[in-house]
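Here we start with a single chain on its own, the form predicted alone, put down as structure tokens.
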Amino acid sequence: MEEVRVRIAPSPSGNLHVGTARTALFNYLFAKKNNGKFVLRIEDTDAERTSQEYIDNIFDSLKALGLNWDEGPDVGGPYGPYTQSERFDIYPKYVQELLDKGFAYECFCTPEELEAEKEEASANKKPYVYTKKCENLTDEEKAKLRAEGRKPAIRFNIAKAQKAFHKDSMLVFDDLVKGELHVDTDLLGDFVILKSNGTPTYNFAVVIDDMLMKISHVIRGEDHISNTFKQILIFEALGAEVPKFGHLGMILAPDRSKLSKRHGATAVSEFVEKGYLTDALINFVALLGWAPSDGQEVKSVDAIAQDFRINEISSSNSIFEYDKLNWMNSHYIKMLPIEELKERLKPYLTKYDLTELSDTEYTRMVEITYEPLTLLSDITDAVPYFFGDSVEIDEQTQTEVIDTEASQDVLKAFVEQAQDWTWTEENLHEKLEVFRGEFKEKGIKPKATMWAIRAAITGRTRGADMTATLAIIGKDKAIKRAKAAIK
């Protein structure tokens, strides 16, 4: 194929999983690297599990990650429709072609008969392979079965296809990621390509869609390897060019089990909701099984695309290290301009009345609190003391800091002196320097002096720069809180 064309074909049976996002990213990078096309196809043949909510989530998540597709359900393209349920009228023609060529046959077996076959194979401790008992039914036998009300499924004839295109039962292909892969087709069994209700199966529909959409490379998870052997045979039976395949290792949790909700967020939308920046998430996901040539891990998608080499993707599974993602997200937060960061943080400050602060004060609050943020959502618990007249003080801080004799002396002096202070950061810094010096002469360490003030006014012993905090909170609130802490 002259043009590189890749696709991501999620099933809308749930929110976009981070593993699917990585597959989408590697397809996107491969397309950009090779001046190709990135196609989005929705495989919604499972009507019971499909919902519009999940379709919307797929669209929104991919767009949030910056993985914009060249062709798809919403943007169209020359090979649409790009939603599988809208393509059902396409598949019967190719089923008939396979029947006419002898590469498929009608199967009238009932579910009960097939289950009996499986049980017999299990009892004999053999892997189950369909017995092909419907392969050579006569027209009379088929008519009789139809008269009984049986509707046939259509099975693909593995042995005939293999014999037609390969010298023996061994099917081999060169995987872009894993190298040479092979299977003995005698172990596959004739699989259904069209169900008795007329619905195409995944392995058949995906081949027809890839063939008609001129997909040149199929990059997907290694859980599809067993499907790939079957799909190659269908491509060959239809006389179509077989795409090149590349299979990615799985993404595992830190304990090397399957990544699941018990480990943390797994869907892209969950990560975004928790306060991960999509730039950080996509950068992190790119490093799951691939490494930049210059060793520089923090890169934009465009920079990654220029450096991307599919043959250097690791064939092994990748570990989803939440700690590393958190570090990377913190780094990206620090890279944001303050004006943009202010807007990004607002969804996580809805429990507070931002009208209490002027824009200048809000800006300053962000400037002095964003450094330790790992997630955008961390801001919620970082700033409660900037709002409201009073603060909550936990029992340990109350007893171990505020209620001590030294702290009480500090607070009484603070309330008395602060009344006359000019309430600007610069002046507060100078006044507090003098204030700490006075108490140092009395044998109280400067750190303990500031602990007392901080604990009374913010309810905490640690936090943002104290002079800036006092300036934002304002003289009246600060003195009121300090008074409330005096016994």
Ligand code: GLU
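Residue numbers run from 1 along the displayed sequence. All values derive from a computational prediction rather than experimental measurement.
What follows is about the form predicted in complex with the named molecule, which we do not show.
**Prompt:** Going by heavy atoms within 4.5 Å, which of 160-168, 97-105, 202-210, 126-134 lines up against the named molecule in the model of the complex?
**Reply:** Result for this chain: 202-210.
**Asked** Just one of Glu425, Asp60, Glu43, Asp70 has a heavy atom within 4.5 Å of the named molecule in the model of the complex. Which one?
**Response** Flagged contact: Glu43.
**Request:** Tell me, out of His224, Arg87, Lys299, Lys195, which residue has a non-hydrogen atom within 4.5 angstroms of the named molecule in the model of the complex.
**Result:** Exactly one residue meets the criterion: His224.
**Asked** Does the named molecule come within 4.5 Å of any heavy atom of Arg220 in the model of the complex?
**Response** Result yes; Arg220 sits at the interface with the named molecule in the model of the complex.
**Item:** Close approach of Ala9 to the named molecule in the model of the complex, 4.5 Å, heavy atom
**Value:** Heavy-atom contact with the named molecule at 4.5 Å: present for Ala9.
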